[in-house]
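First, one chain by itself in structure tokens, the form predicted alone.
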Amino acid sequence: MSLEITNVTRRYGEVTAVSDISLSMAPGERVALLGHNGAGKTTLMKMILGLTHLDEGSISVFGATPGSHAARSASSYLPENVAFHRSLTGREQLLLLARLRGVGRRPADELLERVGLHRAADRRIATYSKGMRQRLGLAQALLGKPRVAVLDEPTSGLDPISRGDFYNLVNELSSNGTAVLLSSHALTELEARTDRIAILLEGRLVANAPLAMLRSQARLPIRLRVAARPEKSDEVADRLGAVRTSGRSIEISCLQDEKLGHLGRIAALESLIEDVEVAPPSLEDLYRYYSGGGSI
């Protein structure tokens, strides 16, 4: 395993920030770490990086103890709010960090190109926007081909195009065998871009599974949205025993094992409808369910 967390607990006085967490990541796996502010995400990340000690349990980063030279060499970190020397240019800052990681100039220049900073590479960081500083932070997190990448709110300050480019880089990292632990409040963009979802609640791990499995376990309603033909919406709603939500739109809420029966009844009204959309529970729905202890 690239990352192995076993029965880890961390206390601050009488407050237990992380309680008996076990979590492992295979090479190339992308795991989204979710939780409210104060749920324990940052504490867990700091323990993985060797910045905070463990009270109980153990963590292995590519076979090494967090904080050791081997673990630092195998891992990288992108904090939510990156901070660089404002008097340096982007290129100077990245080259400095590259030397510290034992990486040459060429990879640093290539990374500036990949994160879209090649045209601003020789400008002082003091002139960078927040999004540009975040992209520079992403470049430093990619230096040295890390085996474990810990990314805390990495798309903060990025525009939609840059966010898409960022996830392309994450996919590239993953395909090259890097395990990526990604914390973000932007749930919608995580749904199709991670392999597994881990949810923390008050320091406890309350969910840890692929999205499809979380949906199966939660048994939240599926929504079937039917678009009726002009002037047929009332008839369609009556015949389906459903609710007309707006205009020609009719919505049916059902459980997974009821879906096929409803789709069969909808198909029988083919001449009265234009389209049907099946909307499974979103990651936001599941997050609210697991972090709130009940359905929404």
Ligand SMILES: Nc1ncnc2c1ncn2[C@@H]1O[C@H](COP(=O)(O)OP(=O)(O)OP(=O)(O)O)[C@@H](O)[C@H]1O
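Keep in mind that this is a model prediction, so the values were computed, not measured. The first residue of the sequence shown is number 1, and the count goes up from there.
The protein also exists as the form predicted in complex with the ligand; that form is not presented, and the subsequent description refers to it.
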For the interface check, one of 236-244, 54-62, 31-39, 257-265 should have non-hydrogen atoms within 4.5 Å of the ligand in the predicted bound form; which one? 31-39
Between the ligand and A17, T43 and E153, in the predicted bound form, does every residue show a non-hydrogen atom at 4.5 Å or closer? yes
I'd like to know whether E189 contacts the ligand in the predicted bound form, with contact meaning heavy atoms within 4.5 angstroms. no
Would E80 show up as a contact with the ligand in the predicted bound form if we use heavy atoms at 4.5 Å? yes
Any of the heavy atoms of H185 lying within 4.5 Å of the ligand in the predicted bound form? yes
